[in-house]
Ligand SMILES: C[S@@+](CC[C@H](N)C(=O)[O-])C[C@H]1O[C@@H](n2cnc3c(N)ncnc32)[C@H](O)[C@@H]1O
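Take a look at this single chain in structure tokens; it is the form predicted on its own.
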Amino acid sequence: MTGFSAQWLALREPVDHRARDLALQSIVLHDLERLARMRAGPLKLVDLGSGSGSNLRALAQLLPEHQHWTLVDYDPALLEAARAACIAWADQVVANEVSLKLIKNSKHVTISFRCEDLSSNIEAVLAEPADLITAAAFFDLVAVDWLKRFCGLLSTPLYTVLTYNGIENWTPSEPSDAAMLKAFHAHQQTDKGFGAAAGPTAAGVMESLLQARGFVVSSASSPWKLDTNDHALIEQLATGSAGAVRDTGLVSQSDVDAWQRSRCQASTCEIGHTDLYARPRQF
């Protein structure tokens, strides 16, 4: 699977956190509160493609008091970065062994770290007991065939946020915007380690697959809305997008260079994402 640096993940984390759709998130939190009241023991959450643990840090403070998270990523360096970032984020570290135990705002959070190639071993991950499967900015990287495998196996509620949906608006506009976006989407649908990626179609594909299996599915828009206060992220985003387009060869080098120079100084930028919550009807 294509890797992401801990530096990039840290840069985008505050923007990811503010972009989440709060109405959909509140439904998830309500369901998990109800579940926690119904039985003893910590809530069990599995975070797919966890990176440096941003998804945990967004949700853990809002969940019931006792939680056990399993962070799953293929990159051991990112799992180590997640451990370090969660230690820095915690109010108190109770234990730092194979599993990390910490307290944040009176929440008791145990974190296990699982290094796993999700492209080949998703069956083993989903076989583990869990109350919620979650992910952030992950499912647009995987192939449609993999999504069919995943959705066919899923029996647990799923809450996934920030799946790229292909909508982009930069200001001021540039004549090459449409050609650049088309080429970027072509790059998004190349192999990221799971086969040809679903890219901007992922959220819609998942919704259809899970509805066909009888899940109750809700979705909401969660765009990044960037302005001059987010200059560092805008610059990195423009540079990364231009690099991806160069790899396709679909836009001339001079046009890509000009677009990148302009976009590194963009005044605003909106990047579209979709949040999705799917639960079995009996949940």
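Don't overthink the numbering: it's just position in the shown sequence, from 1. What you see is a predicted model, and the numbers here were worked out from it, not measured in a lab.
Form predicted in complex with the ligand: not shown, discussed below.
At a distance threshold of 4.5 angstroms between non-hydrogen atoms, Q189 is out of contact with the ligand in the model of the complex.
Contact annotation for R12: at least one heavy atom lies within 4.5 Å of the ligand in the model of the complex. Although the partner is absent here, S99 sits far enough away that none of its heavy atoms falls within 4.5 Å of the ligand in the model of the complex.
Among heavy atoms of D16, some come within 4.5 Å of the ligand in the model of the complex. Residue-level contacts in the model of the complex: of E116, E207, E80, D177, one residue has a heavy atom within 4.5 Å of the ligand, and it is E116. Checked against the ligand in the model of the complex, the residues A130, A137, A143, A90 give one hit for a heavy atom within 4.5 Å, which is A137. Checking 246-254, 23-31, 214-222, 46-54 against the ligand in the model of the complex, the stretch whose residues place heavy atoms within 4.5 Å of it is 46-54. In the model of the complex, the ligand lies within 4.5 angstroms of at least one heavy atom of each of the following residues of 73-92: D73, Y74, D75, L78, in sequence order.
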